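Consider the single chain below, provided in structure tokens and representing the form predicted on its own.
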Amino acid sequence: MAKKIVAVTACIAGIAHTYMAAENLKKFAKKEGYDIKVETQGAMGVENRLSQSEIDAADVVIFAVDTNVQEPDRFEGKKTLKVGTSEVVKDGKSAIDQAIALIN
């Protein structure tokens, strides 16, 4: 069964890096055969909001953020990787690999 990843991306300005990081995570997760859903917390507010059942079903959480995650208590008790958005924009595969390493 494919590993399930949920992620939140958020940068200070909430414009470019939030969405570029989200796209990179999706690209590399799919390439590796993992299921992923990404919530963006940007200038437009929260988009693609993760449901509690999606969070609960996830094997691991990635916070690709440069600011505080909104409502972090939703993720309590989950294995979590926290990285900056620019790291994910430069090397999304590394973030996915690091997250999967937490659960293997």
Partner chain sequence: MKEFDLNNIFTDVSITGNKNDALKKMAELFAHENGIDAKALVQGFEAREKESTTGFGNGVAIPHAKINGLQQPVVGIVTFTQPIEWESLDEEPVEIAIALIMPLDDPNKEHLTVLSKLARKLMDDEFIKDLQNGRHDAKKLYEVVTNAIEFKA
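Residue numbers count along the first chain shown, from 1. Everything numeric here is computed off the predicted structure, so don't read it as measured data.
The same protein has a further form, the form predicted in complex with the partner chain, not shown here; the description that follows concerns it.
The putative spot formed by A13, M20 and T40 is fully lined by the partner chain in the model of the complex; each residue has a non-hydrogen atom within 4.5 angstroms of it. Contact annotation: R74 falls outside 4.5 Å of the partner chain in the model of the complex, judged by heavy atom distances.
Not displayed here, the partner chain is approached by S86 to within 4.5 Å at the level of heavy atoms in the model of the complex. The partner chain in the model of the complex comes within 4.5 Å of a heavy atom belonging to K90. Put simply, K27 is close to the partner chain in the model of the complex: some heavy atom of it is within 4.5 Å.
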